[in-house]
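The chain below stands alone and is given in structure tokens; this is the form predicted alone.
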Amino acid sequence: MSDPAIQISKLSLSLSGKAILRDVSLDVRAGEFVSIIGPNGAGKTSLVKCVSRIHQDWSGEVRINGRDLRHCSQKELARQLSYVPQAEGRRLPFTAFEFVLMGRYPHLSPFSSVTAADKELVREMMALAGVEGFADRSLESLSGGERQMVFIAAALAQGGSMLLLDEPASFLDYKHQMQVMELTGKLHRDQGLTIVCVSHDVNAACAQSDRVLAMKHGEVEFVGTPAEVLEEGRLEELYETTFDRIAGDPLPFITPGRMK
């Protein structure tokens, strides 16, 4: 049996003297879609930042396609794994095409230049993300949703088989939330990408995922199928609040519990 695409074992992280993650373990199979849910402060974002090596001062073990993350060069990691942060108002003085083209950096050496093939691939990834019409627009002129789709296109331009997304639909309107969901679903289904996605939307997470990791207080509370996550009592314990369940096919739809 082959190694998991991502293997996390007893990962712990402290920041400014505060424990953020405690002995987190998770195996993600190649081609699997895993969502990470949990209340604010659960450690969800910190976990994907450790795997993408934004946070580096952690203990434990992370392996990418069987290789110890600590022994991977940044370019080696970037050829395999891309990270898309939350949509936010960062000011980036580039056109959309220029920004997506930067995603090709893991495949360039200090002495090589961008090729026609690189540019063609960038156009293909922008078309896949539905942002080819923004190629000559500055990032600052785009809406938050449009900019987020450009960020995903840049991650795809890296050419890796794994995609880490940190609340990719947060702060977006419903139209762009649906566009992000449709694109990530297509990448998983049609392109076979391994996807790990932090989400505050439990319904969306369960609709898209093969498995769901539930976190609380920096620890793993539960890992299971969407149907198991939605079982009576699980979410109530995780979020310490009540939920109503509306019958659906194949899964129920949850809403915050009605006030008494």
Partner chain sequence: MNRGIVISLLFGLAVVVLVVSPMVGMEFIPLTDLWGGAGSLDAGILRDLRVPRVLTAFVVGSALALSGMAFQAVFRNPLATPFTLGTASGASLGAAIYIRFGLSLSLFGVSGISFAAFAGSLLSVAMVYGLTRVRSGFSTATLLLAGVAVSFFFSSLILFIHYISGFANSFRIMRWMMGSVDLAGYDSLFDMLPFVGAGALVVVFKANELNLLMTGDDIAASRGVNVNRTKKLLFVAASLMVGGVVAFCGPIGFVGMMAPHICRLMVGSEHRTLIPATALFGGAFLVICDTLARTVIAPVEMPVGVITALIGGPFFIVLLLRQKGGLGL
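Numbering follows the first chain given and starts at 1. Since the structure is predicted, the reported quantities are computational estimates derived from the model, not experimental observations.
Only in words, not in the display: the form predicted together with its partner chain, which the text now covers.
Its partner chain is not shown here, but in the model of the complex it comes within 4.5 Å of a heavy atom of R53. Taking the partner from the other structure, its partner chain in the model of the complex has no heavy atom within 4.5 Å of any heavy atom of Q179.
Contact annotation: E140 falls within 4.5 Å of its partner chain in the model of the complex, judged by heavy atom distances.
Of the heavy atoms in P106, some are within 4.5 Å of its partner chain in the model of the complex. For the residues V122, A155, L165, V131, the 4.5 Å heavy atom test against its partner chain in the model of the complex is passed only by A155. For its partner chain in the model of the complex, the listed stretch (123-131, 182-190, 76-84, 168-176) containing residues with heavy atoms inside 4.5 Å is 76-84.
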